[in-house]
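This document opens with one chain alone, in structure tokens, the form predicted alone.
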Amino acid sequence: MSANNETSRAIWVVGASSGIGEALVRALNNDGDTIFISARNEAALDAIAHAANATVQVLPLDITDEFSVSAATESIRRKVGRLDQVIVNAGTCEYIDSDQIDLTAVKRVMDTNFIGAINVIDSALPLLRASLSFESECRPQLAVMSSSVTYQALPRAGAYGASKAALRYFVEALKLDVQHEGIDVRVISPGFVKTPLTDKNDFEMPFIVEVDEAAERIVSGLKSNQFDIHFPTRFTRILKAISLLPDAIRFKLVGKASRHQSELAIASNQHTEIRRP
């Protein structure tokens, strides 16, 4: 794609090798556009590019490595000179238990979901600004994957939720500034989506949606005027409603899902059994 081709778009999907990111590439797969796809798994990216109709270019990277991210954006700059849409989807999830906080796990999650995302945002902004000089029906757009867990804290989700809450705050603060330049900033807040990441979960996931449905909702939301693209609405509205309850009520209500309470009860029963004559 030529940088002077005003009828096509230059899109960058980061975290595109599986799950929501892979589904987004399929949903955005339009002839005439150039889609840059990034993740650590180069083989998976190559397979996605091979199956695409659009011009898909593979840019493997590690979002926690700022030099890797900078090299990818420099490659985009040389090839097309701009970005019209950036979707920062890469992320990870690790749950921590209350008996002992795993600081290493917390750091891993924060480095990927927060610092890694900011590495991409920082590197992509100059290319989004470059898009402003091209005549287009749409403003350059930055979309960042947060989570509906940021509406209400959930048990064991301290590391994941904190990383996504920090990212949401950062993106909202960024929007307050760059909207004056003409850059459209969005945040995406899905509930449970069936992906390789959620397949590892060992608990019930209410209102879980298929990955292609999630991608369709995201693409549709990015075309609307909605800043926070959240779904499924039955789940997100419940979390939002709970967050409005008095603290004493919401902590008691959500705390019923904590494993800590049940584990303490089991330990107490076992201790009682041991002390019986």
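We number the residues from 1 along the sequence you see. Note that the structure is predicted; figures quoted are calculated from it, not measured.
The protein also exists as the form predicted in complex with a small molecule; that form is not presented, and the subsequent description refers to it.
Scanning 226, 243, 64, 220 against the small molecule in the predicted complex with a 4.5 Å heavy atom cut-off leaves one residue, 64.
40 is the sole member of 26, 250, 40, 237 with a non-hydrogen atom lying within 4.5 angstroms of the small molecule in the predicted complex. Look at 184-192, 99-107, 171-179, 126-134: in the predicted complex, residues with non-hydrogen atoms within 4.5 angstroms of the small molecule sit in 184-192. Contact between residue 160 and the small molecule in the predicted complex is found at the 4.5 Å heavy atom cutoff. None of the heavy atoms of residue 258 is located within 4.5 Å of the small molecule in the predicted complex. Although the partner is absent here, residue 73 sits far enough away that none of its heavy atoms falls within 4.5 Å of the small molecule in the predicted complex.
Using a 4.5 angstroms threshold between heavy atoms, residue 91 counts as touching the small molecule in the predicted complex.
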